[in-house]
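The chain below stands alone and is given in structure tokens; this is the form predicted on its own.
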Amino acid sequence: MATQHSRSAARLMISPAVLLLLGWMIVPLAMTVWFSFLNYNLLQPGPRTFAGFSNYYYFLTDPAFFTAIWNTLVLVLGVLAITTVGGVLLALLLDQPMWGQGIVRILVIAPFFVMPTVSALVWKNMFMNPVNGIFAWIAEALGLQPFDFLSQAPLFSIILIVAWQWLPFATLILLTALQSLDSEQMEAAEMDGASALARFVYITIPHLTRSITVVILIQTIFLLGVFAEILVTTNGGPGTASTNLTYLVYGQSLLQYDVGGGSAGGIVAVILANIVAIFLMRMIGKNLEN
């Protein structure tokens, strides 16, 4: 009886927070769904008429939509490949005893705490600038022609910037998992004659599998909404070369003032993100069961 009363009291105490959270999420979502069925353009005064599914049809048949889907997929997979492989290598490096190990770890993790807008500005002006950037200076020092990253390889540039931001996160998670590896198991394998590569492939990688899966899940959810880096560096261009789904919705809503079409695009983006999240959660569930 006392347990039942304590559970009821706990539910009563957390109910305001739950209601606030639901209101914070459901009200904007409901408004977005409602706007997606209206002819709602800020440049066209007058009453908002019901449009049915025409906004969805227009958004899904727009050639830029398929380009944005492809760019989003390439962006997510590219960043995941760099951060996963680089995270494993950095975790192995930082796990080795060295002088100033704590300072080195802080320096490696520091980029994760830099705001996306700031990091994009730094990469745009200090590194990738074809005239005054560090990459241009290195190219000229080697007798090569400076390469304009943001114009000639815009999507790769975005991948590089975002991967630089998320690499510390992957490194931190994988380093934590690596430190829980049984040292006696590694020593026994070494005494049995296993090479460093064999120990890495057959002991270290299987031990890091779950952590790698968690890194992929968390990063994928956030990478689907990359926006600030694109806005600051390329504005989705040249053309739609670096436009992802999030930036396409922004352009439809705030650049073309089409609130109805942008809302339809937002709903489509939410549905696709949830499909990806459900797929990854099932993949993680099967991995944890094994």
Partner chain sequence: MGKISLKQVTKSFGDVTVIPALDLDIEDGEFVVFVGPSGCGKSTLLRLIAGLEDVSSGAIEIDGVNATEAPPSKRRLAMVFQSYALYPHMTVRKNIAFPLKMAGIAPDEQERKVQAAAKVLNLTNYLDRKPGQLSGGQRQRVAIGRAIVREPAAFLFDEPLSNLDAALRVNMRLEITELHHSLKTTMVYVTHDQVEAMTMADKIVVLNAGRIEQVGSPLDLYRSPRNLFVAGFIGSPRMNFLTGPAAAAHDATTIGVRPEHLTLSRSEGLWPGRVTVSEHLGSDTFLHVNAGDLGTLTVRADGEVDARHGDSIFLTPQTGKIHRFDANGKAIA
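Numbering follows the first chain given and starts at 1. Worth saying up front: this structure is predicted, and the values here are computed from it rather than measured.
Heads up, the form predicted together with the partner chain isn't pictured, but that's what we're talking about next.
Given a 4.5 Å cut-off on heavy atoms, tell me which of 72-80, 197-205, 138-146, 101-109 is the interface stretch with the partner chain in the predicted complex.
Stretch 197-205 is the one.
Proximity to the partner chain in the predicted complex, single hit among Val85, Met115, Ala188, Met126 (heavy atom within 4.5 Å):
Result of the distance check: Ala188.
With a cut-off of 4.5 Å between heavy atoms, is Pro97 one of the residues that contacts the partner chain in the predicted complex?
No, Pro97 sits far enough from the partner chain in the predicted complex that none of its heavy atoms falls within 4.5 Å.
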